[in-house]
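First, one chain by itself: the form predicted on its own, in structure tokens.
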Amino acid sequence: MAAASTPRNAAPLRILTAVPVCDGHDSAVTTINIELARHGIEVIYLGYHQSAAAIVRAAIQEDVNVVGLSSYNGGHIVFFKEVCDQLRKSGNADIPVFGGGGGTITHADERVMQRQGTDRIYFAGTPLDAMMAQIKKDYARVAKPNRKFKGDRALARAISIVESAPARYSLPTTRYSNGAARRSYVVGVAGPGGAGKSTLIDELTSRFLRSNPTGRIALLANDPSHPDSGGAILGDRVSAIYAQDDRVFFRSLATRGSLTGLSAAAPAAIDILKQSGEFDLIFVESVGVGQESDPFRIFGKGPKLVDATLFVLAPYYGGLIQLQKIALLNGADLVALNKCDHPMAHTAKAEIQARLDQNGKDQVLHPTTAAKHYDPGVDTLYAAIARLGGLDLVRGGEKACFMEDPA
């Protein structure tokens, strides 16, 4: 049977999938993720070895229709109950939970789990097409305003609503900060696929959290929708280790046919986050961009969406002629060469810096290795962002634990 497409005038169903803590079996959930996307569903994949708190936080911020858990290691009765209990206690019991576990979860277990709040269990041998049809039937809904939602869930629902109708939206009327409203500094992050943008953003997030102990940061991660089914696998949360901090708001956006590198709802989502008064810093990550891309409108094609643009490259970009073709290198406020532990990094540094020098704009190349914690190159890059955005690098009379930008 061919995959069922989501009607283009309907918002795709959004599902958060994850594997519980102490369980590293991800082959089954990966298969299910692909099948869900093939049937026009947007899948926010959290990864394996996930705590109940991490799953609930992600479900709230992503405003998902449902949570799907894959459990093969035992302990499912206790774990599923904890997820359901935390959703209920946080005022988000409207988000249901289903799961599967091959032969690990028995029918007797399912009856106990359903009494504790789990919606249903899919057992081994269930036809995938039947599973997909049931999920769509049970969990599809239209995102509507809900005055009972507070905090991150209210922001998340506001973003869901503008995703459904990007051309018209209203900003949230409630400000959620405890003190005075913050001014948000917005940084757009672009670069080709595989450059390590998500990991670099995560490491920059860790620097923000350390240097701003009372501040909040938001991340908008854009990923492509499949042009055939309309589904998507939104996997940037897998790299977002520091998104498990309550001071981080992380939202995944599918492009849903937009060819700009961002969801058509991204401008409205940025406004919603800014107007909430919650966030000191907002990162907006585009999909992997090409040579002529300008996702943040830095070349004057409409109002600029961000305060500064960070362009990220990996050492294997293909040579000098390829660098000359990349338009965003002409206008980026910040440029990072990531994965500098790669053997080609030494040559790449010289070639990219020479390319930037030709622009005559005093652009500085920041060599980084985001896969390594406490990388000094990431320290210096964050210091440059903090300087541009007026963010604190010093708290309580002590210097933050990373280097300031020498500029």
Partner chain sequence: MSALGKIADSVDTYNQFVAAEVARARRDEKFAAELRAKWAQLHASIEMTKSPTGTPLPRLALPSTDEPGAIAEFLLGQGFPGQFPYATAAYREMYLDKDSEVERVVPNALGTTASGKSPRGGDNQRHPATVREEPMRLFAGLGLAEDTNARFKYLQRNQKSLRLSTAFDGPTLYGLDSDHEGVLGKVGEGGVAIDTVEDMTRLFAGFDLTRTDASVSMTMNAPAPVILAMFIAAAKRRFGPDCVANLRGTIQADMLKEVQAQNEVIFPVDASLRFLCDMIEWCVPNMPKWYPVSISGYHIAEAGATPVQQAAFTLSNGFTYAGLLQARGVDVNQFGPRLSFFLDCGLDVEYLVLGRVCRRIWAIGMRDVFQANAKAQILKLHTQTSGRSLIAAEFQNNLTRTAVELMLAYLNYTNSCHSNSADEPFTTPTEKYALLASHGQSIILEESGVFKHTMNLFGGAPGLLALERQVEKGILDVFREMDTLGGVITAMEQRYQRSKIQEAGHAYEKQVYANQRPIIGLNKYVSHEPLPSVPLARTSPKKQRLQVARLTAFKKKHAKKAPAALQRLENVARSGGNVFGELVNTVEVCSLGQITACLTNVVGKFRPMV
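These numbers were taken from a predicted model, which means no experiment stands behind them. Numbering follows the first chain given and starts at 1.
Same protein, other form: the form predicted together with its partner chain, not shown, and the subject of what follows.
Q: Which residue, Thr118, Ser229, Thr199, Asn212, is the contact with its partner chain in the predicted bound form, using a 4.5 Å heavy atom cutoff?
A: When its partner chain is considered in the predicted bound form, the option within 4.5 Å is Thr199.
Q: Only one of Gly257, Gly318, Gly193, Pro127 comes within 4.5 Å of its partner chain in the predicted bound form by heavy atoms, so just point that one out.
A: The option sitting close enough to the partner is Pro127.
Q: Please pick out the stretch from 60-68, 377-385, 352-360, 28-36 that is in contact with its partner chain in the predicted bound form, where contact means heavy atoms within 4.5 Å.
A: Selected range: 28-36.
Q: Should Phe98 be counted as a contact of its partner chain in the predicted bound form, where contact means heavy atoms within 4.5 Å?
A: No - in the predicted bound form, heavy atoms of Phe98 and its partner chain never come within 4.5 Å of each other.
Q: Hey, in the predicted bound form, is Gly300 touching its partner chain, heavy atoms inside 4.5 Å?
A: The answer is no: Gly300 has no heavy atom within 4.5 Å of its partner chain.
Q: Decide whether Thr106 counts as a contact residue for its partner chain in the predicted bound form under a heavy atom distance cut-off of 4.5 Å.
A: Yes, Thr106 is a contact residue.
Q: Might Asn73 be said to contact its partner chain in the predicted bound form, defining contact as any heavy atom within 4.5 Å?
A: Yes, Asn73 lies within 4.5 Å of its partner chain in the predicted bound form.
Q: With the partner left out here, if you bring back its partner chain in the predicted bound form, are Tyr45, Val78 and Tyr242 all within 4.5 Å of it by some heavy atom?
A: Each of the three qualifies.
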